[in-house]
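For reference, the chain that follows is the form predicted on its own, supplied as structure tokens.
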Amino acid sequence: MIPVSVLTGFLGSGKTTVLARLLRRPEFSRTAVIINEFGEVGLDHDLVEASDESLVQLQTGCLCCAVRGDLVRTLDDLLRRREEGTVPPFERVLIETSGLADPAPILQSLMLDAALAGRLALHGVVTTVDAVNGVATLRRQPESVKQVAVADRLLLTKTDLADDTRDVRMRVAALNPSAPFIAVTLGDVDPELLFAASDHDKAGRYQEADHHHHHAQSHANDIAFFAIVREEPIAAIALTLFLEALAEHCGADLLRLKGIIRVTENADRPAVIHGVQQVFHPPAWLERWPSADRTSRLVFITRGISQPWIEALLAAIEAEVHSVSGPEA
């Protein structure tokens, strides 16, 4: 499947500058870039705007296009053209969101849409944070808080203009302590740092989140980050019921769930799960465990949902499954 990354960040945080530099890198060739708001774009995208088809191929081999109608339709059209051979065979997709966008609906579309299933896979979320204005933005703009909370990687931009980045780093770490920070000057970043992570890398981050950032909370926004670790494997039916209960009862307050799970029925192959609000992607099974650690690790980013409540919910579901299936199941 073709990996899809989402580049998000609040207005003025520098994500368009990052994208402009990426598009000039030969390592970024064979990438399809989808941009959903041209008003923010400071590239040569007047070419795209002037195109009847809103699609242009850059000299580096990248494809750039505008969202037509909705994202799913644009992605489906790009995939159709790729299959027909009318566009170069791109190997990954990058979606740049509007600076005011909540990234959750984009992630949900990638997880749910039947037309894209089996062809595209959500790879991760990259969020830009302004080193100069980031603290003030996070204090005033709820969209920016969510953009940071769901990130798999964080780009700290405009570091050349900031005298001290400790406050913004502390603020962001309180919202999302598991995402690695990458400092960026003038938008220059190695594409491999952003888009080369595998499921094994992600699994390692879940482990790191547990060991180093077991619990953090931003009281101003009621955003909590915590990790749940289980030594014993989780039965497949218990995991399914647990995810269904989270989707039904937590909804929009479950900002992000990521995890690597040891499932009783297939303990030698870990399952990687992703959830955004009430939407969960089908588990992806790794061929093997990435390390000797075979514990289940679930990383939660929530709004107003406590760790004890989540743990009690999982324990109750496991107890119910055990009582129905019997002690020998």
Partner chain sequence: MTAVVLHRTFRLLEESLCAWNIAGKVVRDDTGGIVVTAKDERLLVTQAPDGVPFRWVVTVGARTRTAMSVTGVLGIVRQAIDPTYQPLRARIAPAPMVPP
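Positions refer to the first chain, counted from 1. Bear in mind the structure is a predicted one, so any value in this text is a computation, not a measurement.
There is another form of the same protein, the form predicted in complex with its partner chain; it is not shown, and what comes next is about it.
- Remark: residue 11 does not count among the residues lining its partner chain in the predicted bound form, judged by a heavy atom distance of 4.5 Å or less.
- The closest non-hydrogen atom of residue 248 lies within 4.5 Å of its partner chain in the predicted bound form.
- For residue 275, no non-hydrogen atom is located within 4.5 Å of its partner chain in the predicted bound form, even though that partner is not displayed.
- Among residues of the shown chain, residue 266 is one whose heavy atoms approach its partner chain to within 4.5 Å in the predicted bound form.
- Shown alone, this chain has one stretch from 73 to 81, 94 to 102, 143 to 151, 240 to 248 that lies within 4.5 Å of its partner chain in the predicted bound form by heavy atoms: 240 to 248.
- Checked against its partner chain in the predicted bound form, the candidates 236, 183, 229, 135 yield a single residue with a heavy atom inside 4.5 Å, and that residue is 236.
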